[in-house]
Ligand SMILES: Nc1ncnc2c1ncn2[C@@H]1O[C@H](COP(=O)(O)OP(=O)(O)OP(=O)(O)O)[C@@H](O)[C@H]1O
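Below you will find one chain, with nothing else, as structure tokens; this is the form predicted on its own, and questions on how it binds or moves follow later.
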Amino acid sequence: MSLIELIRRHIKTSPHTFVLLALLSGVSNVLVMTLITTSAGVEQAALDLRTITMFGLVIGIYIVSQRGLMRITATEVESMIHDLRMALVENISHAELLSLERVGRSEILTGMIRDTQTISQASNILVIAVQSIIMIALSMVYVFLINKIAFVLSLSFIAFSMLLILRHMIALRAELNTVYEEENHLYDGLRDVLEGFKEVKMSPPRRIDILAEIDIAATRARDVKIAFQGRAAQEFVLSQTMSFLLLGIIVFIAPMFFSVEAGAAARTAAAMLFIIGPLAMVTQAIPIFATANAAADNLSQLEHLLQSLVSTIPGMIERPLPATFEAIHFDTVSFTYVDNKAVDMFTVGPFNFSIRQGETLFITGGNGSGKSTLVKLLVGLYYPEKGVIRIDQQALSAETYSSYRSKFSVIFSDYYLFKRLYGLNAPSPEIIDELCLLLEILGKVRLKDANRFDTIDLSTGQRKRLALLVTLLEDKPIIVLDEWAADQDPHFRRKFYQELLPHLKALGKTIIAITHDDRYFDTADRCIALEEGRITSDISKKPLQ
């Protein structure tokens, strides 16, 4: 029972409070039924003020207890979902890049959005169902007191119908998992269309194939959902039919074989009419509970998966590195990509080189040469499989990697531009204007609310300049630029190499740029060329000053 376990782990309100409110609500329902059934045959003049007052009091108790129960449920469930989402986000933030790349974004997003919404939407219905169970149980006690034969018949019918429905719902649990799997495939296809829109637009055969794949996943999910909802509808109709049959047996059949007082039969029938509504609610709640339970199970699996990706060692104390450094050294560093079956796919390295503080280093090489992997090793997003990275004479360790990464500002080739300046103090308008003028985007973008850009809807080259503006605001000692100049127009590309890089170097920055602009190689202190995961040349162009 994943949902129950999830609630038990996160609930903050005492279970006794829930039980008390549910009991008060259920008892008040039964008392309303009792007052109505016992007073229905009484002469109007015989109804005294005490009965009417009791009826109003019972309704008041129901209103207070029901509102309290629903309010507490909403608070607890939404707080639980908030805690779950924040725990998942926290685990993601502490995971390693390579591990997260293997999980897939669709599974994470569907868990955090779809499954949490499923639990949220089901919460009140499930609480009402629990309350309905209490009311049914109390109503059956009332039936037992007035008509034991009707009690036996009713209990038998209810037990039989519930067992039948539960058996069918258990069989549908596997189909729910299939629905979720197909929806994940559907989200993958939708993400392909949105994130690869340009590529889809450029190739009609690709568009046709993607749409066909999405249609297959959507059709499978639709068919399984239709089957699930159809079964649920059948069970609801079955429970209603069983209730009507039960009423017919109590009113028409039972008096033919058993001696039943006329008044008792009427009160029993009235009580059964009160039970039909709660019984229908319980029947409707069973598929909802199955769906919410499957969602909770998925969330639990996702939580465990993300926890397994967390790189932080329990009890580990992160240690800072010195603020300044002279060089970063790669000592026989290598890294191997493996597939899902742990089979080696591609190895880069071993690398043996150093990067001096204040150096402007260009990294070149063709596609698949290992440039991006080298950069991820350099900035600490990938860990070396073999060898060691040292900053000056200190070898990096788990305790120092966070401090090491904080020395880098990186604009990756597939960078993400945040609209808000996260992690930065609000800069003055004068500084923003100065940087915008330097990067030739003055008037294109401005800050509002001190730390949020009014727009990031810019051209590709301008977006990269805005990303560089954020990098300059971070003011970190090492700047890494992955094919940054590739999307700039000829004028600004020339300005980047001949003005911006010397400007950054004059500020004391260490610059590492992946580039193919060989006409500007003379602006670097040094060029490293890669081929098939190996350094094929390491040429110093000019000495450090």
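Computed from a prediction, not measured in an experiment: that's the story for all the values here. Note that residue numbering begins at 1 and tracks the sequence as displayed.
Although not depicted, the form predicted in complex with this ligand is the subject of the following passage.
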For residue 460, is any heavy atom within 4.5 Å of this ligand in the model of the complex, or not?
no
Going by a heavy atom distance of 4.5 Å, is residue 93 a contact of this ligand in the model of the complex?
no
Please run the contact check for residue 209 against this ligand in the model of the complex: heavy atoms, 4.5 angstroms, yes or no?
no
Answer yes if any heavy atom of residue 516 is within 4.5 Å of a heavy atom of this ligand in the model of the complex; otherwise answer no.
yes
Taking this ligand in the model of the complex, would 371, 382 and 483 all count as contacting it (heavy atom within 4.5 Å)?
yes
Note: exactly one of 434, 474, 454, 101 sits with a heavy atom within 4.5 Å of this ligand in the model of the complex, namely 101
Identify which of 144, 346, 244, 353 has a heavy atom within 4.5 Å of this ligand in the model of the complex; exactly one of them does.
346
Interface segment, criterion being heavy atoms within 4.5 Å of this ligand in the model of the complex, picked from 463-471, 215-223, 426-434, 363-371:
363-371
